[in-house]
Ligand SMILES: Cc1ncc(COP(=O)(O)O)c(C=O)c1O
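Consider the single chain below, provided in structure tokens and representing the form predicted on its own.
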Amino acid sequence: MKKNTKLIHQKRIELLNENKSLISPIYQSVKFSFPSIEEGLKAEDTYGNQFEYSRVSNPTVRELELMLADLQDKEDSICVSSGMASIWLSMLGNLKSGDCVLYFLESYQPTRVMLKKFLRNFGIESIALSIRDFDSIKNTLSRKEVKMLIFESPTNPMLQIPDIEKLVFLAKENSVITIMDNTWAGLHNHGQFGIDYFIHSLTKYASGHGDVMGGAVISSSKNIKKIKPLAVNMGSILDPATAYLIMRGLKTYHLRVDRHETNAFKIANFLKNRSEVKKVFYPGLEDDDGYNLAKKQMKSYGGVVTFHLDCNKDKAWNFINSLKLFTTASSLGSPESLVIPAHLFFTKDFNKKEISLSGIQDSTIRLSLGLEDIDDLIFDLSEAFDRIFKL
């Protein structure tokens, strides 16, 4: 064999039966082979146990999919390239022209845009209601054209808590598919409810370091099998190297989530006692409107705190700009604490009535708590209050 051929057909190290790597390898390969054509044909209709082409399935990605399903107390999952890709997959895999989707004004802004703008190109309509208007929700779910309900808990950015049990009951009573964006609550929450499809942005708490993007649809084996052909054909796959990084991040998932929540709880209580703050939104506070439901439904309350400053927009923005440890960026679940003006980031597609219903004000600020020492975060906020409000 010539040397240039040897470079292409390189020798491989095969580990003996009892000689295993502690960390799973990254299967950075597009193609996989079988010992014979006959063996390859046996695997043609399988998604996940044998591997042929990484757009269909990849061993590294498959390990992550099974891990995510287990964390969410479900049977299976599909990993895709982003959280929005997971929303698209769960919707297009279950809807057809003429169908209608019920969603809430308090939903994630890109989800609202997808429903109001892009899905209409496929003949799929949508209805938006406030998550607090339960009578209208009940009536709408009974309409025959409504085939799907998508929601999140807590909502973004106002951290409202819907009654999941009631929503799921009404949806099932009317044969409406339920999709829950569970990114904010995390993989350890809400698995006890009969949600048809959980979706997650793995970019956030799952990966935990703010350096990779990914998404997942988690459900029963039957539901995953239903949408898997679309996922394969869409080609919105997760790269195996990215899957590896997300799995690495998941090893510290519970440690990180505990720290995020501890910091959020302490910051919420700190803000509650500041005269410059009109109202704090955090479901872990006993006086929060959603506390009783959150306590019933959730194992923990998340790492995000939202609050209204007692000032105008300009002063609120100056407050944000004066923070040193909080970086102005729209995300959550990373080691760094983040801050954004909610009105700027979440109301671009709203009219005045919808802005009012959302509860977002010009001075509303959202904090995504990171993993820093809580004393440093409180000091940073205190310094900003002193600089901006004591001029």
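Throughout, we count residues from 1 along the sequence that is shown. It should be emphasised that the depicted structure is a prediction, and the values quoted were computed from it without experimental measurement.
Quick note: we don't show the form predicted in complex with the named molecule, though the next part is all about it.
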| query | finding |
| --- | --- |
| Interface membership of Gly290, the named molecule in the model of the complex, 4.5 Å heavy atom rule | no |
| Touches the named molecule in the model of the complex: Lys204 (any heavy atom, 4.5 Å) | yes |
| Exercise: Thr183 in contact with the named molecule in the model of the complex, heavy atom 4.5 Å | yes |
| Proximity of Leu187 to the named molecule in the model of the complex, heavy atoms at 4.5 Å | no |
| Within 4.5 Å of the named molecule in the model of the complex, all of Ser82, Glu152 and Asn156 (non-hydrogen atom) | yes |
| Heavy atom within 4.5 Å of the named molecule in the model of the complex - residue from Met213, Ile127, Ile320, Leu250 | Met213 |
| Partner-contacting position among Ile161, Ala264, Ile87, Leu115 - heavy atom within 4.5 Å of the named molecule in the model of the complex | Ile87 |
| Stretch in contact, per heavy atom within 4.5 angstroms of the named molecule in the model of the complex, of 133-141, 234-242, 71-79, 196-204 | 196-204 |
